[in-house]
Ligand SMILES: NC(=O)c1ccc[n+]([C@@H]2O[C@H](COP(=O)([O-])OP(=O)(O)OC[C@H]3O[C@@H](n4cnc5c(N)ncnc54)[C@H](O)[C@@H]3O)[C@@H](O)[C@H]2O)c1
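For reference, the chain that follows is the form predicted on its own, supplied as structure tokens.
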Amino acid sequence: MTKLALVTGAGRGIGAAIARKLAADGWRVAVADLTREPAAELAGALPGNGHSSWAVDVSSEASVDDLFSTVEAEHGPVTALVCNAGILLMAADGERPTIFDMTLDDWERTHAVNTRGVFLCIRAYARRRRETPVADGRVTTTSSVAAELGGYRGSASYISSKSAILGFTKAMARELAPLKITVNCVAPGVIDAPMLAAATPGSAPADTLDLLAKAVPLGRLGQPDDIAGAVSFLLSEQASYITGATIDVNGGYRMA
């Protein structure tokens, strides 16, 4: 049977691009998003067979455990987990909230989705793979260039939540290595996706994105397909000896 990949936050943007790429690669894809409708629409349009759609709140332990139990009961073991779900909360005027006016609720909500959600999904996957091993198990997480640079448009809560993913990915790579499961991270740069739009205030000059693109050495904004390509590689046989790594997909925006 074709291997199964579960992608969270797959209803739009980068997650949708990842789901489309994996389906084109021959994976069966379990498309998961906060609400079922966008996931179902995407799953129905994917090439190949055996795709499915699911609603999940990754910040909820019960919701995540329910998702894995139901997906695996209906479609078999998940071979690859793509932890892509994430949020970026901005101020009401679209500006970056500073520490002076950031609320505890916004801080907690950001970490609940971006950090706790990754922990819950990987834990659910790992527990099941310990009981039912799979060949060539794979996990990818999603951080951000903001975590590596301290960010510009992202808030401190977003930056800290994505920074946590960098270390957590390495911890999981060590812990899941005995199960022959690789765990790697993708750190997107400035990607032309809904989150970038959310981080661009309505008061910004019309040429803001053009100027941003010029700041990227390759001279363009990234596309969701650029991230999907990196995830596709990390899930492939060619990446079987890569684990605990972070792949920067940013057009040279950050060079270290």
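Note that the structure is a prediction, hence the values are computed from the model and not measured. Sequential numbering from 1, following the sequence displayed.
Not on display, but discussed next: the form predicted together with this ligand.
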query: Position in contact with this ligand when the complex is considered in the predicted complex, options Asn184, Thr110, Ser155, Asn84, heavy atoms within 4.5 Å; finding: Asn84
query: Among the candidates Ala230, Ala40, Leu46, Met195, the residue which, in the predicted complex, approaches this ligand to within 4.5 Å (heavy atoms); finding: Met195
query: Thr169, heavy atom within 4.5 angstroms of this ligand in the predicted complex; finding: no
query: 4.5 Å heavy atom contact, Thr140 to this ligand in the predicted complex; finding: no
query: Asp57: touches this ligand in the predicted complex, heavy atom cutoff 4.5 angstroms; finding: yes
query: Touches this ligand in the predicted complex: Ile14 (any heavy atom, 4.5 Å); finding: yes
query: Listed range touching this ligand, judged in the predicted complex by heavy atoms within 4.5 Å, from 126-134, 175-183, 157-165, 69-77; finding: 157-165
query: Sequence-ordered list of residues in 168-185 near this ligand in the predicted complex, where near means a heavy atom within 4.5 Å; finding: none
